[in-house]
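Just one chain follows, in the form predicted on its own, and it is written as structure tokens.
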Amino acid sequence: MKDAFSTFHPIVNFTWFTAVLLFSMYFMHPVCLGVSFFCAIAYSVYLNREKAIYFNLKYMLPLLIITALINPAFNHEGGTILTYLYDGNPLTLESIIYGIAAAVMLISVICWFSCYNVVMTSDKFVYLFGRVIPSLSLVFSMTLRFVPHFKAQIGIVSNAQKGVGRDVSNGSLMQRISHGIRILSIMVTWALENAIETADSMKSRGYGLPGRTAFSIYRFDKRDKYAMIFILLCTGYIIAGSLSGGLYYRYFPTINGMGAKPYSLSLYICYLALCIAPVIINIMEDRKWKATQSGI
């Protein structure tokens, strides 16, 4: 299923991800952590479907548990002592809760970055930063392209070698090593030839010449303007609320923070609206698409 949020202008996507990632790494208030966590999971599942569910259950859930358990074993701060460990250090309630909060924050950031990799393609990155940092953006784009291209090519070479009995799965140990070295040599030669062809192609297309223009399919329309205004308003309101103490929360030496006051509730709602925006956009677009199909 196509992600509607990915069709927005790259500057909208990048601004939203920047705000959400920074907020997810900075705000340690439990409500903010919970909002970021569940929105990140929801968006990653929408983008990657069964693959995201499998990845979250196999890797993210164990990482969450391990991270939450490690912190109390090394962090003994806090005023509420529950018991003492075998080495005599105290086990505090604050260290346990902080460990859970840190684990949730880590998982949320990882999930947001997985969504970023799907939405912010190399073409969008080059479009945004090609004029500001042209060399770095080009290298970054080529690196992102080279990894899957190299992986696909090594599969082709390996299958070709397997057809003549020279794959790493054929023969004795020494023969397998020899076959692996041969495949590696072929891949190095292919990579060097591909680099020369890319350089010649870039030169023939006028790369680096002054006044050279670049084609772009991205246009900043009215929909992007409204989305950008929404993101900036939410971001500004959340930053202002954080600076005024509306999202204050501490774990040490004792747990204390801003409760469910009207001003804080408005900040929570605004943060939820910002984080869940892509999912809402996709749901609305899916309903429009279904309504269009039913009307045909």
Partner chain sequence: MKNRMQINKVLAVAVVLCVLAAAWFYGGNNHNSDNATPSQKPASTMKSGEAEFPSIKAHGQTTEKAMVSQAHSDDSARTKSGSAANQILTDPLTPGKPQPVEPQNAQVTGKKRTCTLSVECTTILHNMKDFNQDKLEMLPSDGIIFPAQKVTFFEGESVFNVSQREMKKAGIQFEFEATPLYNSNYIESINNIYEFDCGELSGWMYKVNGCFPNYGCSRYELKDGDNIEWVYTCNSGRDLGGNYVTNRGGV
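Positions refer to the first chain, counted from 1. Everything quoted here is computed from the prediction, not taken from an experiment.
The form predicted together with its partner chain exists for this protein as well; it is not shown, and the discussion that follows is about that form.
Comment: its partner chain is not present in this chain, but in the model of the complex one of Q153, T198, S122, Q175 has a heavy atom within 4.5 Å of it, namely Q175.
This chain appears without its partner; in the model of the complex, the one residue of G79, G163, P148, G206 with a heavy atom within 4.5 Å of its partner chain is G79. Using a 4.5 angstroms limit between non-hydrogen atoms, G180 is distant from its partner chain in the model of the complex. Contact annotation for D87: at least one heavy atom lies within 4.5 Å of its partner chain in the model of the complex.
Taking non-hydrogen atoms only, F252 approaches its partner chain to within 4.5 angstroms in the model of the complex. Residue contact with its partner chain in the model of the complex: Y237 places no heavy atom within 4.5 Å of it. Between 106-114, 154-162, 88-96, 188-196, the stretch whose residues reach within 4.5 angstroms of its partner chain in the model of the complex through a non-hydrogen atom is 88-96.
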